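Structure 1 and structure 2 below are the same protein chain in two forms, each given by itself as structure tokens.
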Structure 1
Amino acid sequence: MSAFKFLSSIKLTVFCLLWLAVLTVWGTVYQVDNGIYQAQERFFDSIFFRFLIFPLPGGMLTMMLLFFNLCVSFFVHYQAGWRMPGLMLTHLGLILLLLGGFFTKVTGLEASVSLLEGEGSNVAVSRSDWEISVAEELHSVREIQAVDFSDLKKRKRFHVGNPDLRFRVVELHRNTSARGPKDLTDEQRAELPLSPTGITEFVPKRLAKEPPDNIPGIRLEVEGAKNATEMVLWGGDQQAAALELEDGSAVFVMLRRKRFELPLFMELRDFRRTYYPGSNVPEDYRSLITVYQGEDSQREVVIKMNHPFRNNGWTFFQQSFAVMDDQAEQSVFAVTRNFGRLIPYWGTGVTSLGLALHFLQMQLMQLKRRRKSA
């Protein structure tokens, strides 16, 4: 059987749909003990996943096969005539739905921005993704470069920015707690790996049900630094590790939540909240922000519950708030990026139109047969 014939086969369509149904049930049962995010990663975001010793097709591979199956069959099974437009529109709508899901998976992100009144930012912080950043200045937002933690694996070599400063992964954990040295002499402490807070070892933990609760850790071999040959970074640290380079300069290395540059600068001008009478339950909270885009473009925007602010594929939701010890108010915004947000709507509309047209055509054909038989 040729690849073209295989991709256009109705048997492949049925298999993909049945296997997606199996993955849906399997993933639903799996998420009871492991959480929805782990179930999504294992069953739906994967090309293959392992069951016992057997590799099985994941949701990503299954939906890719279904997408190509629909595209090829769109042309192979097309028959010119007035009876086919409904089915063709249905095919096209399903293709758009799958394409929209893939586009969202590849380009979408979820992050957050936390601002005190009078504070502004053009950087969002990921809730679940991590990175290793190298900065030339402490507390500077200007990094030489950053590498995704998800791209790293044991024994992998990489460099960040400066090619003379190289790293090799010795130990890596997606979720862990950290320990420091106990009862060591000064000489023993001097032989420990470089760590901003004195961490010497990790205690691996099971992945949490919610990705933001996972705190990763990594141990690295270092080449090209004068003050360290090995370093330990933990996501729970709020400090960066300082490396002295051979040319006398210094850089600051940190394992932190991934940063994303926003297409605008937002400044929190005022935050307001109201409560239900006689309770501490918020009835409404909203933020007045000033949005700057370019040198001459600025506008006032109100972001409140169920009323997000959208801008060029980015959406800003009023997520929560906090009150600091000095009674200063902090507003927290959930930030999502989805350039293909409208594609599922288009796909649903085209599919609905195709099914309605096909149903109408079938009804007209039945009516025509009845008239002939009468």
Structure 2
Amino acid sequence: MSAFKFLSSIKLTVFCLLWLAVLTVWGTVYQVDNGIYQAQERFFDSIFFRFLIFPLPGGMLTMMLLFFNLCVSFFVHYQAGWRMPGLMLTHLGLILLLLGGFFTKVTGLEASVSLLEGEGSNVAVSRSDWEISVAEELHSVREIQAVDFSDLKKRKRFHVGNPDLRFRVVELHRNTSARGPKDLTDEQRAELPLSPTGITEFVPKRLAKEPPDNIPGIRLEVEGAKNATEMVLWGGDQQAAALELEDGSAVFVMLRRKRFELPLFMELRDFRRTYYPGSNVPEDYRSLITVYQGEDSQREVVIKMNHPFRNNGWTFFQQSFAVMDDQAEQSVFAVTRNFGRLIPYWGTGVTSLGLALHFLQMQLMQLKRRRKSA
């Protein structure tokens, strides 16, 4: 069978649909013990995944096959099928949906901003992605450059920031705790790899159910620094490691949650939560925000449940809140950027319209047949 025949086969459609159904059930049950993120990664975002010793097709591969199957079938089967506009629209919409999903997967961005009342920020922080940042003072301006933790792997060489500074990954863990010896003298400490908090080794852990709970760790070989040839960075550290360069300047290296610069500065003026009277059932959460954009642009915005604020492809959602020890309220906003977010909307509309059209057409045809036979 040629590849073309294979890709246009309806049996392939059936296989893909059923296998996707199996993955859906499997991935859903898997979430109970491993959380939604790991289930996504293993079953839905994968090309292949391993079960015992067998490699099985993952959701991504299945959906890609389905996508090509749809596209090829569209030209093979529907050339004579213009009498069935509903079916055509349905499959066209599905192609759009799958495309939209892929586009979102590749280009979408998810982060969050947490603000106390009176506080402002123009930076969103990823909940689950990490980066190694290198900060350098240049003409009294702090310049920060970063490399994605997810792009790194063992033995990989990279440089970030100062061109004289180079790193090589020696050890890397996606979720780990860390430890180091206590009560060392300065001489003993100088023998150890550089670490802001004296960490010398990692104790790797299973990936957490919730991705934000994963704390990564990395051991790097360093070239171009006077004070260290090896350094250990852990996500749990709240401090940066200082590297002295040959020219006497210093850079600060830190493993931290990935940052995104927002196209605006937002300040939380007020956060309000209301409950239904006499109960602890939340009725409404809302945040009053002042948005500063450009030189003189300033406006008030209310972000509440089901009413996000959209700006230049970015969307800000009321996600949750926290009450600090001093009773100060912190509002947490989910922040997303997805330029293709409307593609699934179009896909949904076109497919639904197609299904409805086809359904009605079939019912009319059946009615006609009944009348004829009557």
Partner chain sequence: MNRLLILLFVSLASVLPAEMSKKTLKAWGELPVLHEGRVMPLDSKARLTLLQFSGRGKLGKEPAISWYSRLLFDAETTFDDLIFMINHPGVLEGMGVETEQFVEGERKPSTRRFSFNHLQPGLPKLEELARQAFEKEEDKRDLVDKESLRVFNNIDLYLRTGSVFAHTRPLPMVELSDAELLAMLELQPSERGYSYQTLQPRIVRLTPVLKEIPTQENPNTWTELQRQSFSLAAAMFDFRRRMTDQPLPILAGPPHGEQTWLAPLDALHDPDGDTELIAAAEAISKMQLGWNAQDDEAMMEHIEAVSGFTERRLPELHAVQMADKEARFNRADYFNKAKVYYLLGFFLATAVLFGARSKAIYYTAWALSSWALLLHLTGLGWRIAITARPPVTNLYGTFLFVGLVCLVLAMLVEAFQKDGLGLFAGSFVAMSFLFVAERFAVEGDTMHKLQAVLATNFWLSTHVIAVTMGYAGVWIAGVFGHIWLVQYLLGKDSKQLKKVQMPMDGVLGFGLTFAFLGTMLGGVWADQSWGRFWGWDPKENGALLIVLWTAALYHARIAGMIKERGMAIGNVIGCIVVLVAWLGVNLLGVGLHSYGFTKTMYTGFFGYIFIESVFLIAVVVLDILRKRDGEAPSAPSEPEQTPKEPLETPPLHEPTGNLL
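Source: prediction; values computed, not measured. The term rigid core refers to the maximal set of C-alpha atoms that superpose within 1.5 Å between the two forms. Throughout, residue numbering runs from 1 along the sequence of structure 1.
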For the form predicted alone, pick structure 1
C-alpha of residue 236 off by 2 Å or more between structures 1 and 2 on rigid core
no
Is the C-alpha displacement of residue 248 equal to or greater than 2 Å between structures 1 and 2 once the rigid core has been superposed?
no
Indicate whether residue 61 shows a C-alpha shift of 2 Å or more between structures 1 and 2, with the rigid core used for the fit.
yes
Superposed on the core, the Cα displacement of residue 367 between structures 1 and 2 in Å comes to 8.6
Relative to the superposed core, what is the Cα shift for residue 325 between structures 1 and 2, in Å?
2.3
